[in-house]
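To begin, one chain is listed below as structure tokens, in the form predicted on its own.
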Amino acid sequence: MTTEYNQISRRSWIKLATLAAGGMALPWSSAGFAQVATIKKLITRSDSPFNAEPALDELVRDWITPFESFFVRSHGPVPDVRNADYRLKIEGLVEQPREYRLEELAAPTTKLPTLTTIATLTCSGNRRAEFAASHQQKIPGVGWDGGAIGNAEWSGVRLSDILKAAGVKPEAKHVWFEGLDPIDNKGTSQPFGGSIPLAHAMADSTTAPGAIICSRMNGQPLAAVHGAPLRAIVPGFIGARSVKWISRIIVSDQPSTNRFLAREYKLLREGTDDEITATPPVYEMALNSVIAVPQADGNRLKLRGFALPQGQLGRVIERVELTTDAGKTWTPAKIVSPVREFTWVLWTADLPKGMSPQTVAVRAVDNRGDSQPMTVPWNVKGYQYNGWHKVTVPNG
């Protein structure tokens, strides 16, 4: 990160983190969110709850996504969290339930070991607008383009260390997260939440932790819109599993009963109650890629974009390919960023320009030989769309 970026990020963070710091809060109204979107260079997709994404050309400027270009996903209002009053409770199937104050978990004051990991977060509904258009049907939810994704440095305490300190009981199988954001559901209020398998929570590797309780993003304290003062970060899993404003961790022998795991974020064809009950939640990110910048330059097509590996340990992007003839032939792109588990890659490509407008498609292939499908079967919420991404480039 450059000095210029750090200075910009620090100024922006001061404006956006005041709620978490317990100082004078920004007005979290439509006008307030418009200010956030301007500071962060985002396109607002909904005012209430606030959801916004960057323009795709801004998104692929940096492998580490600057604060200003990092998407915001909300399911309800940003909670007013006062640091002095904040507590994180560890409950359920543990030998020693306990309650942490913020200074016990937030870097640099915590006495627990901390680490920084690089991981990509993406909303499971990324590319939903394209998915809806491809099936010529309306899909409920935020109408994301391709920008509900970002790659950042996350700093915090390993979830496994917190769980080991509490003493996990033998019958435990899942770790629930509960946030502080009140979500209205047919007249009742429930915080956003979910869970991850205990095996994943404890699966720290040499390249990434299973999960962390995060206090800093890109070297700065979390901003309120990104979950301050603490949030979960689960590398490899969809963004919904990285619960913001986390207030409770509950160890259990079953998955969370929170509706955002029990009913939402599932691949459903019809959406009936029976189908919802029988369908497992979405956990891992899907293999994906997007053409972010298609540009005609003389007699060449200059293309830039990103590709995301599937969220499994050991999976990385092997290559990115482009076609101008509907998949009959493929041309490799050049990967121009680090290649790692749980993180996207950025790529560029230079193709000959035709005499008429051209449709270009991209697909990613991972190190196990899996590649993106040309099309994706319908699901009622528009989740995990990873069909070939296509753009048409004019001949001008």
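Throughout, we count residues from 1 along the sequence that is shown. All figures in this text were calculated on a predicted structure; none of them were measured in a lab.
Beyond what is shown, the protein has a form predicted together with a small molecule; the following relates to that form.
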### Query
Candidate spot Val72, Leu121 and Ala240, all three in 4.5 Å heavy atom range of the small molecule in the predicted complex?
yes
Contact with the small molecule in the predicted complex, heavy atom within 4.5 Å, among Arg231, His174, Arg304, Arg216 goes to Arg231
Among Val225, Ile291, Val320, Val251, just one has a heavy atom within 4.5 Å of the small molecule in the predicted complex, namely Val225
* Would Phe131 count as a contact of the small molecule in the predicted complex, using a 4.5 angstroms cut-off between non-hydrogen atoms? -> no
ask   = Any of the heavy atoms of Gly179 lying within 4.5 Å of the small molecule in the predicted complex?
value = yes
task = Look up in the predicted complex whether Arg127 has a non-hydrogen atom within 4.5 angstroms of the small molecule, and give yes or no.
result = no
Among 243 to 251, 103 to 111, 166 to 174, 266 to 274, the stretch whose residues bring a heavy atom within 4.5 Å of the small molecule in the predicted complex is 243 to 251
